[in-house]
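Given next, in structure tokens, is a single chain: the form predicted alone.
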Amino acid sequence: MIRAQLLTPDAGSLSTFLTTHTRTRDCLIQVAGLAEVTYHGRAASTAEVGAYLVMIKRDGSLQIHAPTGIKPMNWQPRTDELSACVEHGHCVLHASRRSPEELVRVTFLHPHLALALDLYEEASFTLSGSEKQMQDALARHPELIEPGLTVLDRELLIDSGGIDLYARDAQGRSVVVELKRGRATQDAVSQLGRYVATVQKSGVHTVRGILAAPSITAPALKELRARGLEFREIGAWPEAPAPAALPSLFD
């Protein structure tokens, strides 16, 4: 499972390690240590210097975890380019995407461990609960799909079918969200593509398409990217709030 491992690597060794293993995109990469993280895109932000776990998955997605909490502090759901170099004596990782234009820059100040792991998807994963429950939960918590997302409609009927969630992102752009409880396939990508095209034909010029599922097949991910669509991994969702108790005859 462990393809390669570096303990307390220097800047040059870590840069070579990251360049080698991000180029193949066939393994899971983890780097733990003291780092500084900056983000440029919809807004600009800088995380304080701290101990972080940086994770790069086979699909090029990037997650940066702090020592506590279940959600990553920063992430890129899809990267178009990953590169590493040495700047001022430190290894610097750049993760960028073109649409929307975003850049995450990680400066490793004192890396303690770098791992390249061989992990392969052999079995599919299906979320418990119905697709209706999934839709209800994500309509209540659209931030699980993307921070700043606002759901405008559910099961919106259009000429090519029914859109699971029709939303607006933080920049005011229309977003079509297609939900799948199991591993998403090329059929789901085609379905999402038809919905996005139909909405565009209605006069909405800027329309994003997001496929939300627990996982996606490699051919489907390739087609998704070729169409300019996006994938969001949904591992679980919050339970619905319990209904309010009805007053009894004696209340």
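Predicted model, so just to flag it, every value in this text is computed and none were measured. Numbering starts at 1 and follows the sequence shown.
Separately, the form predicted together with the DNA exists; it is not shown, and the next lines address it.
- Of the candidate stretches 178 to 186, 196 to 204, 50 to 58, 26 to 34, only 178 to 186 contains residues with a heavy atom within 4.5 Å of the DNA in the predicted complex.
- The DNA is not drawn, but in the predicted complex it has a heavy atom within 4.5 Å of P219.
- Taking the partner from the other structure, the DNA in the predicted complex has a heavy atom within 4.5 Å of a heavy atom of M73.
- With a 4.5 Å cutoff on heavy atoms, E146 does not count as touching the DNA in the predicted complex; it lies far away.
- In the predicted complex, the DNA lies farther than 4.5 Å from every heavy atom of D169.
- For the options D153, E131, E81, D118, the residue carrying a heavy atom within 4.5 angstroms of the DNA in the predicted complex is E131.
- Applying a 4.5 Å heavy atom cutoff to the DNA in the predicted complex picks out L157, S160, G161, G162, D164 from 137 to 173, in order along the sequence.
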